[in-house]
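One chain comes next, on its own, written as structure tokens: the form predicted alone.
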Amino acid sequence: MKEHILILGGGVIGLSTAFSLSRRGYNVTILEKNSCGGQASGAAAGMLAPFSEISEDPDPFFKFCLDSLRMFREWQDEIKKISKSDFEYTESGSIHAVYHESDILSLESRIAWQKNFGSEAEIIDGDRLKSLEPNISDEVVAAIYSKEESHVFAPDYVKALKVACEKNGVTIYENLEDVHIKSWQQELVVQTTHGQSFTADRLVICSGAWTQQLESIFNIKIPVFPIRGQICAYELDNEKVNHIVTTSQGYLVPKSNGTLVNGASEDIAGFSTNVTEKGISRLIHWNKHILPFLKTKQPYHTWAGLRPATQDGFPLLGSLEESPHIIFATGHYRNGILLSPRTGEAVADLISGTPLDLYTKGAFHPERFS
């Protein structure tokens, strides 16, 4: 009989891990304090854009993101088939825009190293830029056009992922309020506020921004901090936006429901998900310089989510050295949606006996801060 795996956290990483494990026949239970996908996952813009997000030389995190992007088409198709649910997955491509001639050299450097990873990106300007994105501002002097980048509608994706897990036999407990690890070194026992008790063969920590609260339990340093990301959305009328559009200031993502998602204004506010005038004003201030028609529009919706950021920007992924039945898969910051398939499969591989790839094993080790 396959092992019983307990997953702490029902965000997109917890659900993806459960989905991957369930496909391999494991007995999986998710414990979620609130509702699945109710924090960073459901509040995300859903960008699958490692080439746009990561501008410096490639590192293990970029490689991990790129692997996940290239898994996504098959991954999302499988989720749709099993869940019998639909959600937007759009291979839109992306445009990363700059406003000064001096920035073009940095675009050329960026493309040079990205081509080593199969990117077919190109620098565009003038008529070529306008033909791809007619409403882009005349202030933009050039851009990188990347065909490979995509996006999903995050709330529907997370809902479908949850349904797919349930159809595969995953047991999900939500709204538990609090979950406490009573013992873990010998016997694994997890209890809830309401007195429910769970045992399992392995525990996977997918607690996102709340992971640092487990430092005293495992006696290791877990520098994962909540970063509030504030986002707004506009209703489009006859305006057309064809691609993910990014700048050094943020991003704009057109959705098939006729809305345009604009993010993200980030700040440190503990676990508060309140939307502030300052945070949204920062978005409104710059977005008209990329799409001038936004000057006459006001956001119809604003929201915020908590992104789990680690001290070095890399996730925690892997098992504890002295307790391999405890596995961490957390701290994905603003790339949880993008990294969901690669993380889920990495944890499933690890539990099935396949070591982590060399580029992740050291860089993402959960005990690297201790």
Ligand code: FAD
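All values derive from a computational prediction rather than experimental measurement. Start at 1 with the first residue shown and count on from there.
Beyond the structure shown, there is the form predicted in complex with the named molecule, which is absent from this document and is the topic of what follows.
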- Note on the structure: Assert contact residue (the named molecule, in the model of the complex, non-hydrogen atom within 4.5 Å, options Asn34, Ser55, Thr302, Asn27) equals Asn34
- Task: Could you check which residue among Phe218, Trp210, Tyr234, Phe87 gets a heavy atom within 4.5 Å of the named molecule in the model of the complex?
- Result: Trp210
- Name the stretch, out of 201-209, 277-285, 131-139, 164-172, where some heavy atom lies within 4.5 Å of the named molecule in the model of the complex. 201-209
- Task: Look up in the model of the complex whether Gly229 has a non-hydrogen atom within 4.5 angstroms of the named molecule, and give yes or no.
- Result: yes
- Report yes if any heavy atom of Asn335 sits within 4.5 Å of a heavy atom of the named molecule in the model of the complex; otherwise report no. yes
- Message: Is it the case that Ala18, even though its partner is missing from this view, gets within 4.5 Å of the named molecule in the model of the complex, heavy atoms only?
- Response: no
- in the model of the complex, does Tyr251 have a heavy atom within 4.5 Å of the named molecule? yes
- Query: Within 178-192, which residues have a heavy atom closer than or equal to 4.5 Å from the named molecule in the model of the complex?
  - Reply: Val179
